[in-house]
Structures are given as C-alpha cells and as structure tokens.
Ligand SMILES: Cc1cc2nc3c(=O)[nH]c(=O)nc-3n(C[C@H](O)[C@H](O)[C@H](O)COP(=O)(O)OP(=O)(O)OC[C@H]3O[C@@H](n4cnc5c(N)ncnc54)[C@H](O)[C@@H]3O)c2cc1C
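One chain follows as structure tokens, the form predicted alone.
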C-alpha cells in the first residue's frame, strides 16, 4: 500500500506542501481536505456577475524567493503580470501616497504632523530606545509620539480589536518592518524613483489572486493527489509509527492516514483531537485570539472607480480598514461600464459588526465612505462574506498560551501544525507558500520527519516580518 499523507486546509501552506510532496515522492498518496468550496482560503477568488473578487487586497510581493517565483511562473505562464503599485492612505483627513513618499511628508500633511515627526526624530537621537512591555511602549519609543499616536495606534486597535497597551510588543516586531524613525525615513527616502525598485511593483494573476491557488490545486490533482472541498473535519486521531491516524468529517466520512499536516487554526486543532488534550492545553488553546473579517463586495456602475489599486484607512472613524479595486490590479477593461470594490471590515466573531445583516453592512460601508474624499458609489449589486481567523492577536498572554499548546503537540511524531494559522503568525502569502515547501522538504518517502531540519526552518520563519 502507498503511504498516506493527509493535509488539513487547502490554503497556501497546504497546497504547496501537497504539490511539493507529490513532485518529490510519487509513491506517497496525498489527500487535502478543505472546509470551503474552493481552494486558497483567504487567498482565493470568486466570481460575482462576471466580476472577479479577491478576499481583500492580495498581491505577490517582489520579496518572494526566486525559486518560489519561478514555480508560480511555471504554473501561470503569461497570466502572471508585473504591475505598478499605486496605493493611497487616508491620513489626517486627506489621501497621500502609500507607501509614503518624501513629498507627502513635507507638503501634503498638516504642518503639525510633519513638524511632530521632525521633532520626534531629533529627540530620538538623544534618547535611548527600549522595547517596552507593550505594542504601545515599543512604538512610542521607536517611532515617536506623532506617528505612533496619529497613525499606528488607531490602526492597531482597528485591526486587532485591542488597545495598543493591551498588545504584546511582539505584535510590533511582526507587523512593522521599520521600528525606528531612522529606518522609516530611510525607507521613505528610498521610495524616490521607486517605479523600478521593489516597492514600486508587484505580481498579480490576470484572473484574480486566487488563480495561483487554483492552478496549484490543478497541479496537485494532475500529479495524482486528491483535494476534497466543502468538507469540515470534526475529529482527528493523530497517527504514530505503530498505528495509522483517523480524520473524521462532519458528514461522517473517515480517512485513515499515516502522516498528518495541519494548517487549520491551532486552537481549532486542539479542540478536535481525539483523545482530548489535558484541560490546561484546552484552556491555553481557548486563550489564543484571532480577529475575523467581514468583506463587502460592491458592484459599481462605472468602468473605473479610481485609478488606485488600494486605499488604506487606519482611523477608527471608518469601519473598513482597506478598500481595493481588483480590476486595477489586473489592468483588465472587462466588463465594460462596471467595476468591483472590496471593503475589508475587521471585527470579532459574534460582535455587532459580525452579526449585522448584509443590508446593514452595506449601509455601514456607505455611511463611512461619505466621511472620506472618495467618490459616491452608484451600487449595482453587492455581496457580503464573512471569514474567521484572519489575524492572530498577540495579547500579553499569547506567548504563554501558544507555548503550552505547541509543547503538547510535539508528542505527536507524525503530525505537524504549521502555516499562518497553525503557527499563529503574521505572514505574507509568499512566506506561507514557502512554509509549505519547507514542510514537504522535511518529510522523507518513508515518512521520517526531520525534526532538526524543521527546527532550522522554524527559526527562519520566526524572522519573517510582514512586508507592505
């Protein structure tokens, strides 16, 4: 019999593990189980009235490794486009270019903001920088009062649902690449003439970002793998060297497996293990917090809403944190006379926003849109989708809780939890794909798991910082 490997989740990590395994070991039988009705997870796409929508503003960053970029290019061919970056951010009640440019800091922001940044920069030369005990302390020490209080603090509360004082300093390290005014200004200054630099462009598939996941899924199937969609896993008995494991679905189906890769949220994994973990582990898993997202996709009677691919709105006065226009990513001019917009609304599952009906979500979006300088919408249609477990929230207890859960999971020699949700990390899509390739690299044809190599990869993963 072939050795059976099961992958939970058909997001970037799961798909690239399955693809890499099948390319290396044709003698392994690989099955991917996904609860949604299409592959890709949040990196997927869908069609609505001939418009292609992504689940938020996704693009392939130039920081993607050459080996991974080459493999993606093989899958997509001419459908992978190199596109100029053209975003804006709503700051101090006006739109400026994002990433920031020197001219905006000098001429397009209020004098009080620009002067405050300069003053904070001069003050930082004579003060010692400390990490602090919270996100708030770390940013104020590194970036100064002005940028922290008037930009990052409200954005942090909006995205993660906690005040900056209630967030771990690790949240700052993982989400903000430049944690000092000097580094930030260097980055801003490097954007001069950036049309040829790495911050001035990105890669994007002609048929939506989800085309990467769909092509990877097709490749998995063509190599003999199985992808089972629209199937939720409700119980997992991890395999061992002496006995196969069992995966049970909500429909009652059972899959025997000899090795299990899990990319589902690590707290969910702990909740479906059979036998159940000790109460201390269950409690720790329950203490790991994820932020959810409501997406409002709007069809607009206009060929182009704005020439910008994405608008960032960090303030607490608008419900949505980002607005993107997919056709500006791909440069398509079809369909004529209509375009689509995606509004991303961070929330917590079960809160007031999450529980609003679809008409209420649209009204909330339109009311808050009127608070900006963006054009009024002529809505032709809309659809609302909700997704759980989007952003890991690093409160002050997350590290302790995560360590408790991960230490327990190490007792299973033939089950690995990884991916953005499995490792409870903030990563770009290319990081997560590379994580999937790395996981496959650690498994031999006889299902021996190389723990030392995986530890080295984990050390590499820990250095990842989200790139804008």
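Numbering follows the first chain given and starts at 1. Every value quoted in this text rests on a predicted model; they were computed, and no experiment measured them.
What comes next is about the form predicted in complex with this ligand, which is not displayed.
- When contacts are judged by a 4.5 Å heavy atom cut-off, residue 59 counts as touching this ligand in the predicted complex.
- Not displayed here, this ligand is kept clear of residue 395 by more than 4.5 Å at the level of heavy atoms in the predicted complex.
- Using a 4.5 Å cutoff between non-hydrogen atoms, residue 246 does not count as a contact of this ligand in the predicted complex.
- Although the partner is absent from this view, residue 10 contacts this ligand in the predicted complex, with a non-hydrogen atom inside 4.5 angstroms.
- Stretch 231-239 is the contacting one of 93-101, 231-239, 378-386, 274-282, since its residues have non-hydrogen atoms within 4.5 Å of this ligand in the predicted complex.
- Comment: this ligand is not present in this chain, but in the predicted complex one of 310, 75, 147, 390 has a heavy atom within 4.5 Å of it, namely 390.
- 43 is the sole member of 43, 404, 31, 417 with a non-hydrogen atom lying within 4.5 angstroms of this ligand in the predicted complex.
- In this stretch, 328-349, the one residue having a heavy atom within 4.5 Å of this ligand in the predicted complex is 344; the partner itself is omitted from this view.
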